[in-house]
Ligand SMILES: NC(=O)c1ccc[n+]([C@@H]2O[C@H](COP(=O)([O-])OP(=O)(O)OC[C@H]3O[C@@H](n4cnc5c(N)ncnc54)[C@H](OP(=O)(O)O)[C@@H]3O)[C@@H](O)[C@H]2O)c1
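Here's a solo chain for you in structure tokens, the form predicted on its own.
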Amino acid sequence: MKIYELQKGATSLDGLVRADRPDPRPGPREIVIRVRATSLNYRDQMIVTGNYFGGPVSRNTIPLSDGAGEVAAVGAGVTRFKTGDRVAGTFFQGWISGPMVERFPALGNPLDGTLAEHIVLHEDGVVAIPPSISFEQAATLPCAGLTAWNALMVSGKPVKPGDTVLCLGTGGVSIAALQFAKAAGARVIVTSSSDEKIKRACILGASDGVNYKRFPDWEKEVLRLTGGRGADHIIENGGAGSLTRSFEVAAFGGKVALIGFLAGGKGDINPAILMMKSGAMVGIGVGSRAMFEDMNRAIEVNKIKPLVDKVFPFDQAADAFRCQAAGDFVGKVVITL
């Protein structure tokens, strides 16, 4: 089968190479998935450049955590799926339900990922995908989609009708959060450095957008838009570089869902701001299989169509990485097989 491997010790995209491996066979309670689409996350850029937790990969590794396809074969004792079922793998293999009580292994690092014609997973690490969406759309869900769902619906207080949700940026997690928040009856404000991206977010349902190049103190503009009240839920992609501003823009009793560190690992953080508002910050580590299945039901009932912006064929996987690294997209970048 055709695959891509990130070579041991790689620190740049030059380490991503085409290769072949034998077609996999399922063991007991395992299934073989014919991958039809896979999507990229910021995490994948960090892995390729050797900057992810733990440094460069310690063995030749198939990258990417998010993929969708159909069951091609099942091993002995499999009861959850049959050949032909449309499925996706879970980001964390082994986290079935309940709170995260240990660090489960994730696809793409340290486990082999989804940038391959076929993958083998234990049946417990797989979910059925919503019938109404494509493989490309389903491939956006295991990491970005589920992170947004966990941030809004599971961890801390859930979003409710009339709440204000602030999404930092217009990448995969933020756009998924926008769609989930709108389905829940909330108002959504987005930030971006691009008026065109803000326009696209507003077409998807955002009420307002703040261009942080035009408004460097973007938190003040968000406060103005909310009449000084602030946001009830903040999808915080920036990390240390933007946390204090997120604290300042949080409403009383508001929740800051910390999911990334796009603004860098350094910054002057003042947690007293959040404390004085009786607010909360919650760290989001993607989610469990049970959360994934709940999210998929909500996607089907609400007819949500995950946003796929750019699609690349398998032979142009490196170009997909470059596109995603450049930020030249809204929502998700997908590779099809």
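Bear in mind that the values here come from a model prediction, so they are computed numbers and not experimental data. Numbers for residues come from their place in the sequence shown, where the first is 1.
There is another form of the same protein, the form predicted together with the ligand; it is not shown, and what comes next is about it.
Residue L168 is the only one of L168, V249, I129, A206 with a heavy atom lying within 4.5 Å of the ligand in the predicted bound form.
Distance criterion of 4.5 Å from any heavy atom to the ligand in the predicted bound form singles out G285 from the list G285, P271, G50, G27. Stretch-level contact check against the ligand in the predicted bound form with heavy atoms at 4.5 Å: of 114-122, 68-76, 130-138, 187-195, the positive one is 187-195.
Contact between F329 and the ligand in the predicted bound form is found at the 4.5 Å heavy atom cutoff. In the predicted bound form, at least one heavy atom of V173 sits within 4.5 Å of a heavy atom of the ligand. Although the partner is absent here, G156 is not a contact residue: none of its heavy atoms lies within 4.5 angstroms of the ligand in the predicted bound form. Among residues of the shown chain, Y212 is one whose heavy atoms approach the ligand to within 4.5 Å in the predicted bound form.
Contacts between 121-145 and the ligand, taken as any heavy atom within 4.5 Å in the predicted bound form, involve only C143.
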